[in-house]
Ligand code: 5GP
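Listed next as structure tokens is one chain, alone, in the form predicted alone.
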Amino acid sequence: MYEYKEAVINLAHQLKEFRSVAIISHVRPDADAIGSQIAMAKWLKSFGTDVLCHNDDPIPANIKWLTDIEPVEFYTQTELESCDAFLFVDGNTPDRFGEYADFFRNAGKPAFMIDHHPQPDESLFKAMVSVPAAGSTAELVFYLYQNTNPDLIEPETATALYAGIMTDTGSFRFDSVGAHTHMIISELIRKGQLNVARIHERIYDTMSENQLKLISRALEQISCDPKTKLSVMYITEKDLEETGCTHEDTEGLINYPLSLKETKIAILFSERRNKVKMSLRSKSDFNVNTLARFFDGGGHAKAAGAWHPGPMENAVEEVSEKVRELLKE
């Protein structure tokens, strides 16, 4: 188990000093980012702090309902500048937070961070909670509540934190899950009187017919290398157009090649205008964060993201070759 208590208490103590705080979550948000952001907003509001929850991108449809608890919107630079401080959640460098990256770096505002990704930009933050061993940022937000005022965890907060922890641990299947994870979940269910089946349903059981068509097409485009145990899946802009889907609908597709019995490494390549986005996963000791850093990306040892300038054929070929090189090393 990792150490966190001193860091969360210090972060909490400093945040309570501000009258207004902008809470910023990373681009292409997931349930961990939004759930953590919402829970931090509710914590700050309990002390009378004014809060803005900002995100550059639209909230995915399957977690949009979380923003009924606390709105997450795109704010102008002027609106963000009106806040006394910035709190970044589920990301540890301004580049993860969208088009205002330079503004966040140079605004001269006290900046804080709570996150579980490796290699934070430590020079930016006045105080931070950075625990790469944690399974989710929502887990760290739970510890902040637990070490300040656990009675503040009510049903809406518990729902937001449960959604974040559950999704970022792959429904509790990843290596980061331990007894402490299930103790947190037990406490959230107890305090929030949660209907966990309903939360799972709202996140995972909302697929459209078009999305099923995209999955069908994507499954036809899986290739496996028996030597490297690398499985590759790709989605083109044409695939999205012909199935009536958007880039948002590619979320979760990486789990299909990863689920193959012999697969140790899985990569989803997805065309995004003139670039190729990559989602990388590992279920071995191969560190996909190391791979991602060769291609303008990063993340965790078992889950990371990266970009390639394209075209698709070059991306698949060059990344596959880099996998072979790293395996030899």
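Throughout, we count residues from 1 along the sequence that is shown. It should be emphasised that the depicted structure is a prediction, and the values quoted were computed from it without experimental measurement.
FYI, the form predicted in complex with the ligand isn't displayed, but the following is about it.
### Task
Examine D30 and determine whether its closest non-hydrogen atom to the ligand in the model of the complex is within 4.5 angstroms.
Yes, contact at 4.5 Å.
### Message
With a cut-off of 4.5 Å between heavy atoms, is K264 one of the residues that contacts the ligand in the model of the complex?
### Response
Output for K264 is no: heavy atoms all beyond 4.5 Å of the ligand.
### Message
Is L44 part of the interface with the ligand in the model of the complex - any heavy atom within 4.5 Å?
### Response
Taking the distances in the model of the complex, the answer for L44 is no, it never comes within 4.5 Å of the ligand.
### Task
Please run the contact check for A304 against the ligand in the model of the complex: heavy atoms, 4.5 angstroms, yes or no?
It does: once the ligand is placed as it appears in the model of the complex, A304 has a heavy atom within 4.5 Å of it.
### Task
Scan K109, K229, H117, K191 and let me know which has any heavy atom within 4.5 Å of the ligand in the model of the complex.
The option sitting close enough to the partner is H117.
### Query
Among 256 to 264, 45 to 53, 65 to 73, 277 to 285, which stretch has residues with heavy atoms no more than 4.5 Å from the ligand in the model of the complex?
Partner-contacting stretch among the options: 277 to 285.
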